[in-house]
Every structure is written in C-alpha cells, then in structure tokens.
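Just one chain is shown here, as structure tokens, and it is the form predicted alone.
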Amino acid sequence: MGILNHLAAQLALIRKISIRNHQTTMSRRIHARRTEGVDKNVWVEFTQLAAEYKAVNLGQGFPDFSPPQFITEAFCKAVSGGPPMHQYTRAFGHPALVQSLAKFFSRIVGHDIDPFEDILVTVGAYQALFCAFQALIDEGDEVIIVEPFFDCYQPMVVMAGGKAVYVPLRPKEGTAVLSSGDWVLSAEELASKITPHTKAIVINTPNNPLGKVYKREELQMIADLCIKHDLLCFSDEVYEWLTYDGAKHVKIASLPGMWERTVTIGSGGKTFSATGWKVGWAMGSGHILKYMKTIHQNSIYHCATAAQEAVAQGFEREHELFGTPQSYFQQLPAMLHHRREKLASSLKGVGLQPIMPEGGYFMITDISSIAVDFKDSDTKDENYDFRFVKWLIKEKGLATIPVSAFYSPEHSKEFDKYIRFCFVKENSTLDAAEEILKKWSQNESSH
C-alpha cells in the first residue's frame, strides 16, 4: 500500500505540473486591450508598502476616527429595520436618499432637482465617475483634465476609448507660494487645449491633493469655455463640506447655463466620515443622467440599501440644522482645521514648507530642500517624490503619497518635489507622525 500511495502522489504531482505548464504556454491573448497601460495603481502600491513596514499612515485619505454618532445610529436602525432594509431597493437610488439629496441640494444649486430623474446613486463617487466616462465619452473624444487630478480619471478616459489632455494648475510666479489658493489655472492655456474633438473638462474642487477651492471667477472662466464650445463638465466635489479659512465652495452647476451640461459627483463617505460605506452619487440634468443609468443598470445595478437609508437620514438631519453650530457640516471642518494646523506646525518644525490647503483632507509640502541619500538602486529610474516616499516608509516608518502620481507623464517631473500628507486622522496618529519627523530632524542636525 505504501508503494501505491507513493505512486498516486507522484502521479498527482505530475498532473499538476502538466496543467501548470499547459496554462503558461497558452497562445491566446487573455486580457482585453482596454486594460493595457492602466494596471498600475499608486494606492495599491503604497498601501501595501505602508502595511509591510507597519508605518504611521498619513498616506491614504480616510479618517481613522469614527463617523458621528447620529449617522452610525441611523445605520444600526436601518439594519434592524425589518426585511425591506435587507433587500433590493430602487436600482438608481433608494427613494429616501434621492429625495433627501434633491431637497438638500436644490436650494444650493438654485434649481429644482428631480429626485428620480436628476440623481443616480452609485457605489461611492468612484463608480459615479466610471459611469460618467463610460456613458458620455466615446472613441476618439478628448477630455481635458485639470492637474493635479485624482488618479482614476485618466484610466477611466482611456478605458472609454477617449484621449486625456492635461492642463496643470501652476503656482503663481513671483510670489511666495504658501496656500493652495496660490495655484492657478491659466485661461489661455486651457482654451488652447480645446479642439473640435474635445467633449468634456474634468475639475476637482476642493482639489485632491492640493486642497485648492476654486473661486467663483475661476469657475466662471471654465463655464464660459464649456458654453462657448458646447462641452460637458465633470465636477468632482466629494470634499465640498471641508473648507477652511473662509474659503467658500461653489458648485459650477449653479452658474448660469451649467446645470444642463454638468455632472456633479458627491460622496456620502466623505460627507459623513464613513468612506467604507461606499455611497456616492452623480447629479445633473436628467437628459445626461439617463445615459449614466444605462451603464449603472448593466454593471452594478444596485447599491446597499441600509447604507443608503442611513445617508438619507443624515441629510435629513443636516437639512434641518444647516448653517447652525449643531450641523456636522460646520463641526467637521472646525475639527479638521485644528488638525490641519497641527500637521502644518509639525512640518514647519522640521524645516519643511507646507502649502496650506483651503479645503479637503490633504496637505502637500515641498521636499526640495531635503538632501537624502537613496540607497535603493531599484528605484533609481523613478520620480524623486516616489523615491523619497519609499525611503520615508522603509527608513523612517512614515507613509505619505508622492504628488507626481496626480500628474500626467508629460508634467510629472515638474511637480516631483512635493509629497502629500493626510491630516484627517486622530490626534494620536498625528502625534506619532510628529515624533518621527522630530527624530529625523534631530538626527540630521547632529550630523
């Protein structure tokens, strides 16, 4: 029996090797061509690296504190609310949620929003963006993306068959650049990129990673070009409630002539500090949204019912408290203002110059004054900020994100002397990061 068992094991091993060899020698191309050139993802790479080195993580943009009690209670109530909360709801958005969103945002955009025509609820803002590009961008269409940009825009354009065209925000010349408001968009440069093939302009305000909040006149310049050239505008506004130092978020869809051509992207996760719930939405004229609904119904079809119900209750509460000190939309930016100041102080304390963000989760800082001896030859061909961030994770135990990841290849080298920190963290996390920075600074000064 021993010999037979041994022979059986050997035959099984030979069979496994044969199958594996057969798989590796298949000549058929397995992948679809739309996946080519879009396989790298900065979040996957640096999240894995931060976990591997157990780094203090100021890289990925999510709070490490709990959502407000009222929204978690709403979620618990929804989950215990009987059979309907555990079954499918309306495919294009839970009725309670689209009605809450329509009521809340109608007064902000100055337009009566139809809850069942003008809103599509999605699996996070990410899917809202995907639906927009898939539904509205065709083979050969050009899409102007304002840099720096959230990194998924470009692959989504490519997968839709479009061509991404880039226009960067640039620091004002001749002045000290201390705020994200000092980064501006050239009207001439933007206009020069428009061709007969241009279909849409993509903006992100408040901007990730810069924190820029577009002023009304800046948005009006973009709106004028959209109207003149009959373009769509995709406006990613997931950080709309997080503004500081008196900066005011303005929706480009609220400007004259823009509701009919704008897709506004929002996020329940960013709004209520519950990013893992993955509740987002697209808002715009029904004659645009209907095409996005076609993509949604043939891919995701439906989003989690209980999470939508909870976000709906959150917006009902905020509708009643809007503009008062009890509003979470007042309390969250006030809390984050202090954490923004705390991180800025830590960076200045070690000789770095942060660019103070007017909005959002993030702060970038210039690292060009720091001399680092990179010993990792594997990274020698990468941008400076990529090498710096990897060194910071491996050698110092602090995780951040390279800012050139938010730029196109043609412009990334111009902006590879900045790294991005997330300050939407517990004070203990920010304290741990400050200790790392202090020790590093002390070691540098003793050399």
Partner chain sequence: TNFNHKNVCRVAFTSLAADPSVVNLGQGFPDIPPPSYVKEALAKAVSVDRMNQYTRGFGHPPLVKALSQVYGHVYGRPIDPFKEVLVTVGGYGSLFSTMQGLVEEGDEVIIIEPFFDCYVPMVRMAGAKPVFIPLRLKSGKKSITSADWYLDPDELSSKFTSKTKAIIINTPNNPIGKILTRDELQMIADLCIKHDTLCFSDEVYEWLIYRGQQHVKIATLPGMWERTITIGSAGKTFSVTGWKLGWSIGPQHLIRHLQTVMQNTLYTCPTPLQEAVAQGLMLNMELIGQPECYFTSLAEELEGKRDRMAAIVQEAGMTPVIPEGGYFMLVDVSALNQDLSDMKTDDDDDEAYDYKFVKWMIKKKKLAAIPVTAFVSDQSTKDFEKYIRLCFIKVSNTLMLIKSYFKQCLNASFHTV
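Numbering follows the first chain given and starts at 1. Note that the structure is predicted; figures quoted are calculated from it, not measured.
There is another form of this protein, the form predicted together with the partner chain, and it is not shown here; the text below is about that form.
Counting any heavy atom within 4.5 Å as contact, can you tell me which stretch out of 365-373, 185-193, 73-81, 161-169 lines the partner chain in the predicted bound form?
Stretch with heavy atoms near the partner: 73-81.
Heavy atoms within 4.5 Å of the partner chain in the predicted bound form: does Lys278 have any?
Lys278: contacts the partner chain in the predicted bound form.
Does the partner chain get within 4.5 angstroms of any non-hydrogen atom of Trp391 in the predicted bound form?
Trp391 lies outside the contact set for the partner chain.
Hey, in the predicted bound form, does Thr175 get a heavy atom within 4.5 angstroms of the partner chain?
Thr175 lies outside the contact set for the partner chain.
Whether Arg34 contacts the partner chain in the predicted bound form should be assessed with a 4.5 Å heavy atom distance threshold; does it?
Residue-level check for Arg34: yes, a contact with the partner chain.
Thinking of Asp39, Gly61 and Gln87 as the candidate spot, does the partner chain come within 4.5 Å of a heavy atom on all of them in the predicted bound form?
Checking in the predicted bound form: Asp39, Gly61 and Gln87 are all within 4.5 Å of the partner chain.
Quick check on this chain: which one of Tyr291, Phe322, Phe104, Phe116 has a heavy atom within 4.5 Å of the partner chain in the predicted bound form?
Contact check passes for Tyr291.
Select from the listed residues Ser327, Gln220, Ser345, Gln297 the one whose heavy atoms reach within 4.5 Å of the partner chain in the predicted bound form.
Among Ser327, Gln220, Ser345, Gln297, a heavy atom within 4.5 Å of the partner chain in the predicted bound form occurs only for Gln297.
In the predicted bound form, which residues of 250-271 put a heavy atom within 4.5 Å of the partner chain?
Contacting residue: only Lys270.
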